[in-house]
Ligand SMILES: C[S@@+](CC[C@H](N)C(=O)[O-])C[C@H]1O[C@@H](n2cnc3c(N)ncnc32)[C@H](O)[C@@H]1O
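Below, in C-alpha cells: the form predicted alone, a single chain.
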C-alpha cells in the first residue's frame, strides 16, 4: 500500500517533537500570532477544541508565561504533563449547558482561539457541512464569552460556508479576514477566520 503524505513526518512535525509540542498545529497559531498579535501578556484566553494541547502550551510558554490565564476545553483531556499552573482544563462539550456555565464563571475572555475540527468521513460535502456547524457554534460562543475589543480565531473547512461566516464576523469585529497558514498541509482545505477588536453591541456593523 502506498504511504500517505500524512504518514510521514514533515519539517513542522519534527520541529514540534523537538520543541515538546504534542502536534504540529502549534505553528499555525504562531504564524497568526506573529502577524496579528492576537494575544498579549496578561490576557485571559479560551482555547476551544484544545486537545492534545499544542495551542494551549504555546500560549503559556511563548506569550503569557507567568501572566494571564488559559481555559482549555475539549471532548478529550489535554496531553500535557504537567498541565501549566495557569491553565484550567475542562473535559466535555464546550457547547453543552454544563460546560458553558463553567466557561461563563471563568470568563469573560480577551481572546478565544479554536483549532476544533469535526470527525471526518472522507466525504468532502459531509465534512464541510460538519465543519460549518462547528465553526458557527464557536462564533456564537464567542459572542457570549468574548470581551469587547477581544480577538477570535476559528477554523473552518473551505466550501463549508466560510464566506457567510466571515461576513457575519465583519459585522461584529472591527476587522475580519481569512488566513491560510504556511504550516497547513498542502492537501488541507482548512482555513482560519480571524476577528480582531470585537465591537460593542451598540456599534455592530450592518
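Numbering follows the first chain given and starts at 1. The structure presented is a predicted model; accordingly, all values stated were derived computationally and were not measured.
Just so you know, the form predicted in complex with the named molecule exists too; it's not on screen, but the next bit is about it.
The shortest heavy atom separation between residue 117 and the named molecule in the model of the complex is within 4.5 Å. A residue is said to contact a partner when one of its heavy atoms sits within 4.5 Å of a partner heavy atom; residue 52 meets this definition for the named molecule in the model of the complex. Though the partner is left out of this view, residue 74 does reach within 4.5 Å of the named molecule in the model of the complex, counting heavy atoms only. Looking at residue 16, you'd find every heavy atom of it more than 4.5 angstroms from the named molecule in the model of the complex. Remark: of stretches 173 to 181, 158 to 166, 142 to 150, 42 to 50, the one touching the named molecule in the model of the complex is 42 to 50 (heavy atom within 4.5 Å). Shown without its partner, this chain lists 103, 87, 134, 111 as candidates; in the model of the complex, only 134 has a non-hydrogen atom within 4.5 angstroms of the named molecule.
Along 92 to 122, these residues reach a heavy atom to within 4.5 Å of the named molecule in the model of the complex: 92, 93, 94, 95, 115, 116, 117.
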